[in-house]
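Here we start with a single chain on its own, the form predicted on its own, put down as structure tokens.
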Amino acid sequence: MTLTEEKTTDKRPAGLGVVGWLRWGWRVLTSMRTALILLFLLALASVPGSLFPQTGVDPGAVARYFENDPVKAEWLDRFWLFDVFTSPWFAAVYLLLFLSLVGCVLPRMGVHLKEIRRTPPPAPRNLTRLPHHADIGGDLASAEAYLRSKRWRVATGDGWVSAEKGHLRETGNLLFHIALLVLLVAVGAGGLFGYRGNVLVVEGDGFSNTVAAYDRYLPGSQVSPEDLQPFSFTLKDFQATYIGPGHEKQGQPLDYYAKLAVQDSPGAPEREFTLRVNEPLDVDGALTYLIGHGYAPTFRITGGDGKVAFEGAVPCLVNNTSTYESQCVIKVPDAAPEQLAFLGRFLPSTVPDGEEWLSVFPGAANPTVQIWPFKGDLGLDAGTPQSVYDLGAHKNLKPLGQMTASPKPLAVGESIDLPEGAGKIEYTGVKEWITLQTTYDPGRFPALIASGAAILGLLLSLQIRRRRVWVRVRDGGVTVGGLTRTEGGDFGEEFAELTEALEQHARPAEVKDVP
């Protein structure tokens, strides 16, 4: 290799390097285009949260989805589509948008503050070259006075007046982006310092706001059990009304509400509260919402030894929301000589359909229940978690007697003597249950304020135009020129009105009064 060739090979273009690539990535991330793309992605990522049931809102609906289509549900669950707002990919978009807005807004705030303090620029020498210009009568002093009276920012010089208006456009734009940042911070604060819990409560039962009382509890990372508001209540009554028979919308709900007896803290006086949809119970910022309801038939079950092994209400999961046909599971580990289990089908308004039975209305007009009895080891002593609403995992259970596809339903007060001397089951009545969601979100009010500020900022940025006007003495007369600094803004009509007003303001008082 010659000396010339060696020198040529040394003159290779230098790469960006690690620092250069990081700087380039930061510039791309903090650009307005990237912020808009991330904002669109965040909105797009929220769509599955409204298309699919969410575990944190309605775990029962998620369970039914797995039951009806387990293969599809499994794939959806792999992509966190039942927990959209706690998924890693949603958090990634959320954090990138936050960083992009911070890097985009902070430099623009500095530039905008400098623009506000800066005086309008001097008038160009030839105003006729501007997009809008006109010759008017009058003088510079009257033009300056009029522009100041209309809240234009005015600067003067030798033979010219410069005025500027419309800084609120950029102020609104920044307000919109700052409000988005506050909204993101508020949502993040709610995730850190807030909590959410779901619970099912049967009529007559009570609830205390403790971790152990919830069926599902989702605390923020900075929440401890001692942070929960110490309120409690008893479900006194639940009422639901539906559109009656004969109407094309038969069975659709008209209204439902729950009557609660509430104690805001231990030892506090009890108060009555009516809980409705979108009218939550509010105790020190903890909101309890009514999100669902169903039926809980009551049973008394006697074992083969003649002792009562179970007595109480059994919540049934709704299979058909138009008729509230529901499925119940009863597990009786205290029955003797063998443990018992029952599968029930609850029918609120029962009518015969050939050899089958069905419900035709969601209201409890003729509440009955079909019973399929089983016996065997329930596996409760093994310590393995199991659902109280499912018998499918119990392989040791055997049917009691001869099973039929559609046994005769029991009316309230009727009973069945179990085969093989296993005991008796009595259907004693019907209660109703409600599902509740308690949510505490300290970022809720800041998020509301930020949303309002974002709307205000968006309106300012869309409605206000940045424009400049200059007035200069030219050839013994006065020339006015103007332009808008907003792309696509139509300044022609406003400029014509402004020049007419300047000329009117410059006329002597006696001339203005002439009709």
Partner chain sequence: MSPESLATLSDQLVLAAILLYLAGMIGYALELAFGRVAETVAERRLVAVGASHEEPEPAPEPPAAPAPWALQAGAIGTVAMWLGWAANLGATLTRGLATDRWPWGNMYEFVVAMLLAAVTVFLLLQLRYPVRFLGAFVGVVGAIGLGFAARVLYTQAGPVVPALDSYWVAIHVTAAVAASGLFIVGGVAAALFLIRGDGPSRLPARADLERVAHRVIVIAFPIWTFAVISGALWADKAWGRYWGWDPKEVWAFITWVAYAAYLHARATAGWKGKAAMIVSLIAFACLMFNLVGVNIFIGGLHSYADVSK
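Residue numbers count along the first chain shown, from 1. The shown structure was predicted, so the numbers you read here are calculated from the model rather than taken from an experiment.
Another form exists, predicted in complex with its partner chain; not displayed. Remarks below refer to it.
**Contact assignment for its partner chain in the predicted complex, among A61, L29, L42, L483, heavy atom within 4.5 Å** = In short, L42.
**Prompt:** Among L218, V202, I243, L358, which has any heavy atom within 4.5 Å of its partner chain in the predicted complex?
**Reply:** That would be I243.
**Prompt:** Counting only non-hydrogen atoms and a 4.5 angstroms cut-off, does G443 reach its partner chain in the predicted complex?
**Reply:** Taking the distances in the predicted complex, the answer for G443 is yes, it comes within 4.5 Å of its partner chain.
**Prompt:** Does at least one non-hydrogen atom of S46 fall within 4.5 angstroms of its partner chain in the predicted complex?
**Reply:** Residue-level check for S46: yes, a contact with its partner chain.
**Prompt:** Looking in the predicted complex, any heavy atom of L174 within 4.5 Å of its partner chain?
**Reply:** Judged by the heavy-atom cut-off of 4.5 Å, L174 is well away from its partner chain in the predicted complex.
**Request:** Find out whether any non-hydrogen atom of Q252 is located within 4.5 angstroms of its partner chain in the predicted complex, and reply yes or no.
**Result:** Within the cut-off, so yes.
**Message:** Given a 4.5 Å cut-off on heavy atoms, tell me which of 372 to 380, 309 to 317, 254 to 262, 340 to 348 is the interface stretch with its partner chain in the predicted complex.
**Reply:** This holds for exactly one stretch, 254 to 262.
**Asked** Which residues in 431 to 466 have a heavy atom within 4.5 Å of its partner chain in the predicted complex?
**Response** Sequence-ordered list: Q437, T439, D441, G443, R444, A447, L448, S451, I455, L458, L459, L462, Q463.
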